[in-house]
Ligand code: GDG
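There is one chain below, alone, in structure tokens, taken in the form predicted alone.
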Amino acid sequence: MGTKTGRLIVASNRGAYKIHETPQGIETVPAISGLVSAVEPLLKELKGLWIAWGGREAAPGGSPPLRLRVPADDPCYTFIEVPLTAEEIERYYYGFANNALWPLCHYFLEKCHYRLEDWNAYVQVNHKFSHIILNEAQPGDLLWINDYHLALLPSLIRYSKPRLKQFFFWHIPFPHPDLFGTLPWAPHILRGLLGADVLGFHLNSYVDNFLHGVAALVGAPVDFKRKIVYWQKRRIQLGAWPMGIDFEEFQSLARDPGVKKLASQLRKDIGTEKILLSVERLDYTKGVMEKLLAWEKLLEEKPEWVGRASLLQIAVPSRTCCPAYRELKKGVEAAVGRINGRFSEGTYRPVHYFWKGLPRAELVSYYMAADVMLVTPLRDGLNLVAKEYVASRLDGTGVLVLSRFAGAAQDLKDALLVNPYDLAAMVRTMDMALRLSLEEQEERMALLQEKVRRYDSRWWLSRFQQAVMSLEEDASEDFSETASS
């Protein structure tokens, strides 16, 4: 991926490392995310740059960008920190990104807060990223921008470096223009994104929503069939490329004797015949409360599972500064306490709840220990946890219960698909998952694993490579050709 002579420059809100200041100096901690897993191997190979916020507060007067050669044990690419002040973090990150764009794109309009001061901070931070990128970018480089935090960045870069090739990937759902249009600055966001040469999304439905959005809110000519937008004498190509995981890495971890031992110990510690597992950030889009209510209803209606099945709920801390997330945590913990109070017997607990993140090897041990994986978000751009569970099932058994509103459901149709808003359907599907025969488990899992193996992170990256190659092939196309709108 990339050009013949240039480097790959990745820009995102968070990168591969978190930066902490300690009495001994700067400390870097590797970050765990699907983006890191997919992108970092490519950066290591191409010796590129990753430009991102490191997670710490910068001094109010501003700090120079920190440059680090990473990884520490074998430096092969450069991580450049974009320093953000406490006010920028509060207004750009917690304010506009997480209280406006995030709920809007996940169809939670009632949770949206559109504040001018947050928008202004969002503009300011996008400019801050652009200044650093413009200082680093060289002729022939390829810029790959990631996600909704940096939607203005493509046009800012385009204005100063019109020849720099840009790819943008939007990792969350892109909503219908009727909904997106409620954002006062929606046209600015769309025009910002149109600075890119190629725009990538997980699903065709997100691509279609974007195309209809730019046609309705910006007035750009659109070719819906070819998925092209014509804008400022350029053509912007759109594509749907659902993100993959490193299938072989998860298989390798699952074969590790230490990971197998952890999985075996976990089953002993839980002590029940069946274990249901749920792992997600504690976010209102993830359907944690709906899942707990369904589990409570199942134990009430099917008492034969009391003492025989437990739900292991891992809630990864998320955005704890936001009131909506603090309230969700209180509600979830109250529900866990109520369910355990109602159905616990002796050493049996129906819900084992942990508010923490897990290192990847330990997470794989949880996947291996679980008979049923519950991935039931109310809406999700894709969801990699579902794919990770499938990749970790070396013995070919296990049941994936997957929300119809997760982007991953488009490919993983052999999971047990469910509507998380339908309590009765959730109860029926959980019960079905617990009773599914080994023969049907193996049949479904084989089909799921084939999909996850085929459309892995390497396939995902190859889509970008093809898109970038097409930029040069199509550079001479006549932009006067007809575009239907």
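Residue positions are given as counts along the sequence shown, with the first one as 1. Keep in mind it's a predicted model, so treat the numbers as computed, not measured.
One more form of this protein exists, namely the form predicted together with GDP-alpha-D-glucose; it is left out here, but the text below deals with it.
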Contact flag, residue 380 vs GDP-alpha-D-glucose in the predicted complex, heavy atom cut 4.5 Å: yes
GDP-alpha-D-glucose contact at residue 48 in the predicted complex, heavy atom, 4.5 Å: no
4.5 angstroms heavy atom contact with GDP-alpha-D-glucose in the predicted complex for residue 432: no
Exercise: residue 396 in contact with GDP-alpha-D-glucose in the predicted complex, heavy atom 4.5 Å: no
Partner-contacting position among 37, 449, 28, 441 - heavy atom within 4.5 Å of GDP-alpha-D-glucose in the predicted complex: 37
Answer option from 172, 254, 218, 322, heavy atom within 4.5 Å of GDP-alpha-D-glucose in the predicted complex: 172
Candidate stretches 177-185, 309-317, 159-167, 339-347, one within 4.5 Å of GDP-alpha-D-glucose in the predicted complex by heavy atom: 309-317
Heavy atom of each of 107, 227 and 464 within 4.5 Å of GDP-alpha-D-glucose in the predicted complex: no
Residues of 232-247 having any heavy atom within 4.5 Å of GDP-alpha-D-glucose in the predicted complex, listed in sequence order: 243
